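One chain comes next, on its own, written as structure tokens: the form predicted on its own.
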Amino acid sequence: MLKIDYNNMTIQTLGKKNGIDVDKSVKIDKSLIENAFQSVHSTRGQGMQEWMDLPYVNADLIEQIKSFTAPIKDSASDFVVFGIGGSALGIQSVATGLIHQRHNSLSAKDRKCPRLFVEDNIDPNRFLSLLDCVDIDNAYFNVITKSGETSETLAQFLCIYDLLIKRLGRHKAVQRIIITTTIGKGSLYKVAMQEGFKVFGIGQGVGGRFSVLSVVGLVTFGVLGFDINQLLLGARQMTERCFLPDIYQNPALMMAYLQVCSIKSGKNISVFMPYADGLKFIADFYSQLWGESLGKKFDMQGNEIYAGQTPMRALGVTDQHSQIQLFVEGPFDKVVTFLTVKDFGVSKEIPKIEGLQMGDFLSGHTLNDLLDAERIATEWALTKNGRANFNVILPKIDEYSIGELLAYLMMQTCFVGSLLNINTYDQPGVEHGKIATFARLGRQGYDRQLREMEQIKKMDKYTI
């Protein structure tokens, strides 16, 4: 079971100046906490909180996914995901944790599933280099966009479908494309119906950054041979913990509350630091959740509040040699979340080599011991210097634990939004960029925005 150690957030370890008197604060803010909990609980599974029901997905859908993906898993050389933001980060965070660390570099006979490519950028060099790597004759492409209108994803789709048609013919090309989108919405869905692509539907109330446990993630996880049932079981059991009304039993509610207390005390940066290379993309997943959900200009009553806490990625032990100096001795504006794995499932002993006068203190230990010692040392250094930090502890890296972790992070984000009295699910700042892109590319209906952009460009005189 996933556990949270938040001792290093408290007055007992950080002192009065930097720590939180948890019991006293919880009593003072009892009404705030209860109202936030009830606000989330009363609309569970409704509207844009439909994602909360994803761990309880119908067994028939699971079987449908397994039936569809099994032949691809057994026969395809490559599986490519075209998506951006929530359509990519959740998949990457789970996949990198559960497949071989060098999966795509293994020989075909040593791989148990296709190579995975998650293409979440449209840099032309990156796209063309992808074509140099994948076996087009034996690859499948999962095109994911909830709106069916995401410019980057549509561009990738058009490029690859054109190539497939020329290479395989239209009939076979259709069989290599999977469309994951909202049923009945957007131009991509219309094209899918026209061409006859396989379509998986995303729920109306499942936003991109909360969609990893929907078909957005499950189709890819099926192709990779992951145990989808265990992934959803972990998420389901964590979800139940996160709906316990007692804050001391509810990990997401407690940590959401302590993060809000930290924000109010000026800690406006949230560092997420996994101590496992396979979980490094969890930090990216968290960053999108935290940034898009909580960075809001207005509260629910329309008052300007400019809310949010800036997410920051770090990786242990890599960033002990780059960013930790800032975390330990820089401004008191950060909360560090450590992500710890108790059992890696493998171990490597550090040998003693005869005649070498070095590293005697390392010999006899394992790489696991060294990694754990460095994490504990970093926690100690932060805590000694009054820096807020807490530890999310996974027993091991498997489908069940990853499911727990995903559910915890999403529920924590949801509770923070409620405590801050903001709309956790809209993203007007993101939409501004999408609209401006449409205008720049000459899409019909965006003439006014194009004129505004051109007017600003005319005033651009500060260029060196």
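Keep in mind that this is a model prediction, so the values were computed, not measured. Don't overthink the numbering: it's just position in the shown sequence, from 1. Think of the rigid core as the biggest set of C-alphas that the two forms share within 1.5 Å after superposition.
Absent from the display: the form predicted in complex with a further copy of the same chain. The rest refers to it.
field: Interface stretch in the model of the complex with a further copy of the same chain - options 198-206, 214-222, 67-75, 128-136, non-hydrogen atom within 4.5 Å
entry: Heavy-atom contact with the partner occurs in 128-136.
query: Each of Ser31, Tyr140 and Cys261 near a further copy of the same chain in the model of the complex, meaning some heavy atom within 4.5 Å?
result: Checked in the model of the complex: no contact with a further copy of the same chain for any of the three.
query: Is Gly330 a contact residue for a further copy of the same chain in the model of the complex, using a 4.5 Å heavy atom cut-off?
result: Yes, Gly330 sits close enough to a further copy of the same chain in the model of the complex that at least one of its heavy atoms falls within 4.5 Å.
- request: Could you confirm whether Met254 comes within 4.5 Å of a further copy of the same chain in the model of the complex, counting heavy atoms only?
  value: Yes - in the model of the complex, heavy atoms of Met254 and a further copy of the same chain come within 4.5 Å of each other.
- prompt: At the 4.5 Å heavy atom threshold, is Gly184 in contact with a further copy of the same chain in the model of the complex?
  reply: Output for Gly184 is no: heavy atoms all beyond 4.5 Å of a further copy of the same chain.
query: Using heavy atoms and a 4.5 Å limit, would one call Gly47 a contact residue for a further copy of the same chain in the model of the complex?
result: Although a further copy of the same chain is absent here, Gly47 would stay clear of it in the model of the complex, with no heavy atoms inside 4.5 Å.
- request: Using heavy atoms only and a 4.5 Å cut-off, determine which of Ile165, Met193, Met300, Leu233 is in contact with a further copy of the same chain in the model of the complex.
  value: In short, Ile165.
task: Would you mind picking the one in Asn385, Ser265, Asn229, Gln175 that has a heavy atom within 4.5 Å of a further copy of the same chain in the model of the complex?
output: The residue from Asn385, Ser265, Asn229, Gln175 that makes the contact is Asn385.
task: Output the sequence-ordered list of residues from 228-267 with at least one heavy atom within 4.5 Å of a further copy of the same chain in the model of the complex.
output: The stretch touches the partner through Arg241, Ile247, Tyr248, Gln249, Asn250, Pro251, Met254.
query: Does Gly445 move its CA by 2 angstroms or more between the shown form and the other one when the core is aligned?
result: Shift of 2 Å or more: yes.
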